[in-house]
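First, one chain by itself in structure tokens, the form predicted on its own.
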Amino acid sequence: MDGLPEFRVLTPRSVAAAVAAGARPGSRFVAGGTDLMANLRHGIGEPGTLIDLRDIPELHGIAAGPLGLSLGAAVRLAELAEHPAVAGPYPALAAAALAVGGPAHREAGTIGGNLCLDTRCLFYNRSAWWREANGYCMKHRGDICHVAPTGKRCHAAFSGDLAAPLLAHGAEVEIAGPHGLRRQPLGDLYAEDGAAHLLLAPGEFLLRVLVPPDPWPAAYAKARARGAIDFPLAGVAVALRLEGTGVTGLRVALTGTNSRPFLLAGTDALLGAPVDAGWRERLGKLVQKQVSPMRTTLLAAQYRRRVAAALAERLAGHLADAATP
């Protein structure tokens, strides 16, 4: 990696001060910085100002109440994984937090940072000289996607872990910006475009995540090249509700395969039936039809497609087994 470019660091202590600082041209928000700083060392981006959000009280804290779970965007992943209000009622979310990077990453990385993680690609996350030698790419300084040269958009993959279980639990996000606060479903934060996957207006940043109460039983698992540190090649969260032997509720969320994390569509067709071998096969086929992994990692796209389906089938089976008396 190269040295860091020169930049100024601001440390606002209120939401209003952070919003005002974000109006500066060429500014970027940062919390843990575990992904951003690595990209800057690779010559990806040259912000004139970094706005450190960690000193803003509203971005901290985990609170559980009748309305559900409130998670400050600057809460560290290590704290999220260990908090009793998360680890007990929301084990899939705790598992996803523990799956991020290594211990040092989780001590620095934050909820908001993981949800706003930059997309990744074999042709993007490289040294500056390597990217220059290849004519750069559509995501940064170039005009072609090396993954799909005839295409019109970037296919870099979103690789945050937390988005999948939060989508499966129906989470919403609160966003602060120049026009005040707004609240929206988490899924509306993302677009299927690796170069512009975050739908945040200039000067906006995540304030908190809001998770509904009474969560369905859920689980999260991911495939990666190594057993630690690596980003997901495919990450799957399944939330499953059973009554008797039939499925009455099902949400499946995926990450690592597309340019955005997303909820699987068409799961209503699987309601009312028991989770048997045929049911799991139908779920797997549904996953394979909707994920669209490309050649953005060292492993084959078809492997990532099949492993996403296998993880969904396996997690649904485990949850059904756990619910069976």
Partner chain sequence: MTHARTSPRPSRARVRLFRLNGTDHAALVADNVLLLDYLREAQGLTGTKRGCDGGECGACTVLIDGSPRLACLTRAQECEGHHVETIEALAEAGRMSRLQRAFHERLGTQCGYCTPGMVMAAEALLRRDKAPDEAAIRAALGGNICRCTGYVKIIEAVQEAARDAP
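Residue numbers count along the first chain shown, from 1. The structure displayed is predicted, hence computed values, not measured ones.
Omitted here: the form predicted together with the partner chain. The next part is about that form.
Asker: Taking heavy atoms only, is A104 within 4.5 angstroms of the partner chain in the predicted complex?
Answerer: Yes, A104 sits close enough to the partner chain in the predicted complex that at least one of its heavy atoms falls within 4.5 Å.
Asker: Is H318 close enough to touch the partner chain in the predicted complex, meaning at least one heavy atom pair within 4.5 Å?
Answerer: H318: no contact with the partner chain in the predicted complex.
Asker: So, A108 and the partner chain: in the predicted complex, are they within 4.5 Å at any heavy atom pair?
Answerer: Result yes; A108 sits at the interface with the partner chain in the predicted complex.
Asker: Quick one: does P274 come within 4.5 Å of the partner chain in the predicted complex, counting heavy atoms only?
Answerer: No, P274 sits far enough from the partner chain in the predicted complex that none of its heavy atoms falls within 4.5 Å.
Asker: Tell me, out of L199, A85, I144, I229, which residue has a non-hydrogen atom within 4.5 angstroms of the partner chain in the predicted complex.
Answerer: Of the candidates L199, A85, I144, I229, I229 is the one lying within 4.5 Å of the partner chain in the predicted complex.
Asker: Could you tell me which one of K285, R28, R295, R54 places a heavy atom within 4.5 Å of the partner chain in the predicted complex?
Answerer: Only one option qualifies, and that one is R54.
Asker: With the partner chain left out here, work out from 64-72, 296-304, 30-38, 262-270 which stretch has heavy atoms within 4.5 Å of it in the predicted complex.
Answerer: Stretch with heavy atoms near the partner: 30-38.
Asker: Between 279-308 and the partner chain in the predicted complex, list the residues on our side with a heavy atom within 4.5 Å.
Answerer: Read in sequence order, no residue approaches the partner chain (within 4.5 Å, in the predicted complex).
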